[in-house]
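A single chain, nothing else alongside it, follows as structure tokens in the form predicted on its own.
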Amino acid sequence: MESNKPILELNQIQKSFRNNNGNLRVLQDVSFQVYPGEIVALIGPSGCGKTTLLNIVAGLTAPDRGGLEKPAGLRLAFAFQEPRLLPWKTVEDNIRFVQGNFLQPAEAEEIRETLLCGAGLAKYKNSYPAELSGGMKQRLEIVRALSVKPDLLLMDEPFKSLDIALKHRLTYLTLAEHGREGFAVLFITHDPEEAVMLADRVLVFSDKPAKICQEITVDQPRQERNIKDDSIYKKVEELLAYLLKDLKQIPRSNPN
């Protein structure tokens, strides 16, 4: 796909849900583009509509108004916040099941083995989801999404349930696959540092009805980013200033 053309384009997306008080407007005129190979983070108040937006992109929910454009044949994968594993299939078969629609068996097996090893799940490949811990299920959810060689990867707080060591391991695995395959990523996070360290652009959402109130670009190459660097930390401060509007000054602890 041509890198100068968006892999995803949203135009004036609106969405409401009916509740006891009538219609609750969740998304208000949301417009943005994602380009091939780009990593875009979505950040904003809890419950503002970010997950609803990913569901619209994935085709799981229809917008009330607005348009969404994706290239024909786009291969899309989704790592959900709550793993959606098939309980009657083993770890390996959960992955094989989704790969079957896209990859030849030999290529699929090689990718499976690489990702299972990278996520520390290789020795559990014959286990069933009920035999896994919550963190292991989340790792499998991420591995399964990566295993189909997507053009666009959607991730809803993918590292939320992982301890710090596993978070770094899965982040490294995801970035390694991104560097090798060049897919685009659209992911939700509530962590400003995670957003700045991983994304090329961060879209800051308001509370409901959610709209994009700020876009922050991070130009520094990912492999050179360090949270202790002033240029990177200033981006985190900028994000926090939007997320915590009443905060007058953000103290910075001495890293030494």
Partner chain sequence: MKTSTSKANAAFQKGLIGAAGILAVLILWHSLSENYHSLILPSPKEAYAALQGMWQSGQLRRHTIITFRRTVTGYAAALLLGLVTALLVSASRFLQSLIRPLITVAQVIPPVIWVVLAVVWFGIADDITPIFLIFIVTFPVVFVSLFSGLQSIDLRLVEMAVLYRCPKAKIIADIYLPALVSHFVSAISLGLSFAWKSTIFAEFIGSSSGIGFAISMANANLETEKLFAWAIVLIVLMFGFEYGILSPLTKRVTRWKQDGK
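Every value quoted in this text rests on a predicted model; they were computed, and no experiment measured them. Residue numbers count along the first chain shown, from 1.
What follows is about the form predicted in complex with the partner chain, which we do not show.
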{"property": "The partner chain contact in the predicted complex: L170, any heavy atom under 4.5 Å", "result": "no"}
{"property": "Any non-hydrogen atom of L68 within 4.5 angstroms of the partner chain in the predicted complex", "result": "no"}
{"property": "4.5 Å heavy atom contact, I227 to the partner chain in the predicted complex", "result": "no"}
{"property": "Distance check, A145 to the partner chain in the predicted complex, heavy atom within 4.5 Å", "result": "yes"}
{"property": "Interface segment, criterion being heavy atoms within 4.5 Å of the partner chain in the predicted complex, picked from 97 to 105, 110 to 118, 156 to 164, 170 to 178", "result": "97 to 105"}
{"property": "Within 4.5 Å of the partner chain in the predicted complex, all of Y35, A41 and C48 (non-hydrogen atom)", "result": "no"}
{"property": "Residues within 4.5 Å of the partner chain in the predicted complex, restricted to 67 to 81 and counted by heavy atom", "result": "G73, L74, R75, L76, A77, F78, F80"}
